[in-house]
Ligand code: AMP
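Only one chain is shown below, in structure tokens, and it's the form predicted alone.
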Amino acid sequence: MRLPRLSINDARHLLLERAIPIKEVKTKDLLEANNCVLAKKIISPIDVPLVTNSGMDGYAVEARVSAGKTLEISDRIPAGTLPSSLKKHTAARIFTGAPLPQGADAVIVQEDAIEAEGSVTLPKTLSIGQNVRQAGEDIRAGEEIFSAGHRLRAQDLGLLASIGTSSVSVKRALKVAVLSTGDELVEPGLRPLKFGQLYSSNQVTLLSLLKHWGMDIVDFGIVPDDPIKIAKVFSQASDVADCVITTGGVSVGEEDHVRSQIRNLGELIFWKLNIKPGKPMALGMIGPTPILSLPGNPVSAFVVFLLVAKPFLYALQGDSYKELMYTPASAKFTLEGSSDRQQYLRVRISQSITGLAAELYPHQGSGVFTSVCKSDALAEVPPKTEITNSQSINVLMLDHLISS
């Protein structure tokens, strides 16, 4: 049966529909939970701040009766202390984070006041609430902080610490097996290249990205273009991993055996994307284990991995689905609308007077990996679309695709 070429959106949605999140949950200390996916929602048990406090170093006063006056300093309130009520028609010396005394409703920053001989002269204009952080201003007790499926970042861990959380329930790390097929591939540093050989780079790129995303990896290395050996590794990898990622061997050449072995061992769900670079990509199943087969060309593998494979892997780990985030930019290049595939061009981004500008990297070949290393974004160009100079286009920032 001939399988149709899928648009990238159709491929992403098909994959997400088939993603069955792992169920195992672990408890981790906050410092071990970066990049982990929450297994259940988190509700704050307290207000943050817990009490109304000063946002600045200065003087706590009752605004309505203190403007423009010179008042006695009746108290000194450091952070972490329990203050007495503010005496009428006086001021209290107060420091950042210190609880606001009862009777005070404003804090005058020390630079705006003049202190002398136990008194302080205040500015003529005061307002209730200035430089005051109200109890619960940031978070209310009972408020949902994060929902299940949220991937924790460093700032999220800091916020959890602020409500007294020391550990969290998270999904276990996804286990991903990775292999590259090709008789021409050689492990970097193993030996000098012979004529026609290439150092295996896709393996390093994909394994590094998976580690960055907090996933456990199983490195099956290089597998020769031999259907028996490919089938054997597929069987092994699908037994030990939640998902198997392959690169190479998925095109139409006589030595491209990946698709045939997926069919022999399980089911081939789709093959070929209507994009450039990255057309020869396949999704299959061997038993309950999904097999994502990416192109062998390094740019193609990288682009497809970020745009299609990553959201699928995140969904397997229970991460909430996120749409692609596009950024508008002005094209500093022209392009004929001759391609019937959706293109992802590597572009450099600069700041112009009118906003962001996208300059085309000069070498766009799917084997020119410097194009993704020396570019900042992927410019998305729909099929049969002509681009003129200064036209507004949508770009996907590489740093966001990698880190989000």
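Counting begins at 1, following the sequence as shown. What you see is a predicted model, and the numbers here were worked out from it, not measured in a lab.
The same protein also exists as the form predicted in complex with the ligand; that form is not shown, yet it is the one meant from here on.
Enquirer: Can all three of L185, S200 and T247 be found with a heavy atom no more than 4.5 Å from the ligand in the predicted bound form?
Expert: Each of the three qualifies.
Enquirer: Hey, of 146 to 154, 201 to 209, 187 to 195, 281 to 289, which bit sits against the ligand in the predicted bound form at 4.5 Å between non-hydrogen atoms?
Expert: Comparing against the ligand in the predicted bound form, the contact stretch is 201 to 209.
Enquirer: Answer with one of Q261, N297, S238, Q317: the residue that has a non-hydrogen atom within 4.5 Å of the ligand in the predicted bound form.
Expert: Going through each option in turn, the one that passes is N297.
Enquirer: Heavy atoms within 4.5 Å of the ligand in the predicted bound form: does D256 have any?
Expert: D256: yes, in contact with the ligand in the predicted bound form.
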